[in-house]
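Just one chain follows, in the form predicted alone, and it is written as structure tokens.
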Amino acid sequence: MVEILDSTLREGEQTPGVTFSVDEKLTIASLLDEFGVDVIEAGHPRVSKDIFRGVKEISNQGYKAEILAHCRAMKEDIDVARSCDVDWVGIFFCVSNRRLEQQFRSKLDEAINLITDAIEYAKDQGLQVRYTPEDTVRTEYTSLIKVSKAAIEAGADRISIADTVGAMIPIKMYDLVKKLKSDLKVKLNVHCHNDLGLATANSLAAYDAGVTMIDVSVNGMGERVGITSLSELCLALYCIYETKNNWKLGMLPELSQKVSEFSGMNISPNTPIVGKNAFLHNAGLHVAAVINNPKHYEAFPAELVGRKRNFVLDKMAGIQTIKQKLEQMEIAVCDDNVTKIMHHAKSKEKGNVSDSEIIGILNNSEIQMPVFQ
């Protein structure tokens, strides 16, 4: 059984230009809990007073989901997180040679001591710990194994594999996770960024290789271009892998719209599952096939995610599209009406044929009828 960690309230709020109020965070957290995520990453409480208040209030709502706070490998961060009543802390520290040399001015053993001290301290405070060697996939493997084993020895409950800059491809992610799973006796998470548009694919490859928890955010929000999308990941797991999680998939449009509203980030029409075009069919051949059986051109039914399919009437339209439109508008479906609308649609260079155009066409008795070959 795969578990889902939603990071909309932490990673999502790192989206350039996005901030959430405490009330907005509570609304989002409540929707996520009702949807059925396993862990809500509520934020980094030491960043600001309002983030602290948001994390603390979310932690005390009595949600089914467990609550995780983001922390540096610092006792001060852990103390603040603990005072928020969270269940988990997510401690992160990069140990790649480049970061150690150029940013931290530290040796690997020094970094490991810092990390393990923080993990031991968090465990002493009664917290569960996820350790993330940030930029995991570009970290030298010997360093990665050394720090991960030390973290586990110190009490880390999970190790998170982070594709921090979205540089992986699925087959390499699969191979890395397989190798880590063989070398580390601990549960593994994965956190994938979407810089090359591969976050969902890499997350699924990691799941194939054995991770048991996947990080996501609503609408794929996050640093730069974001991380794995909640809706994409859950639908892929449900439809392709036939996972049996009790997710309320029909809530996905509501979740997406609410986060879009609060963040001020519009949902692109071609966004999978929740975008305007997700169940909007255009070409005449497609429409005819979908009317016969939606499975011909839909990987999953619109109703599964609380959506409805519809059809576009433009120059790509066929007879079935026009007939369907007339039926929706409760207008007589006769050859004369169909032919008039077909002629107008085919002669329109740009744009869709609107309902008002259809009414105007059918009310114009003087329109010249074409002959279609």
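One rule holds for the numbers: they count along the sequence shown, beginning at 1. Fair warning: this is a prediction, and the values are worked out from it, not measured in the lab.
Note that the form predicted together with a small molecule isn't included here; everything after this is about it.
Undergrad: Looking at heavy atoms inside 4.5 Å, which stretch does the small molecule contact in the predicted bound form, given the options 205-213, 189-197, 170-178, 146-154?
TA: So the stretch in question is 189-197.
Undergrad: Quick one: from Glu134, Glu303, Asp117, Asp85, grab the residue that has a heavy atom within 4.5 Å of the small molecule in the predicted bound form.
TA: Exactly one residue meets the criterion: Glu134.
Undergrad: Consider the chain as shown here, without its partner, and state which of Thr164, Thr271, Ser256, Ser96 has a heavy atom within 4.5 Å of the small molecule in the predicted bound form.
TA: Contact with the small molecule in the predicted bound form is made by Thr164 alone.
Undergrad: Looking in the predicted bound form, any heavy atom of Tyr121 within 4.5 Å of the small molecule?
TA: Judged by the heavy-atom cut-off of 4.5 Å, Tyr121 is well away from the small molecule in the predicted bound form.
Undergrad: Any of the heavy atoms of Gln14 lying within 4.5 Å of the small molecule in the predicted bound form?
TA: Residue-level check for Gln14: yes, a contact with the small molecule.
Undergrad: Taking heavy atoms only, is Phe279 within 4.5 angstroms of the small molecule in the predicted bound form?
TA: No, Phe279 sits far enough from the small molecule in the predicted bound form that none of its heavy atoms falls within 4.5 Å.
Undergrad: How about Lys25: is it within 4.5 Å of the small molecule in the predicted bound form, going by heavy atoms?
TA: Answer no; every heavy atom of Lys25 is more than 4.5 Å from the small molecule in the predicted bound form.
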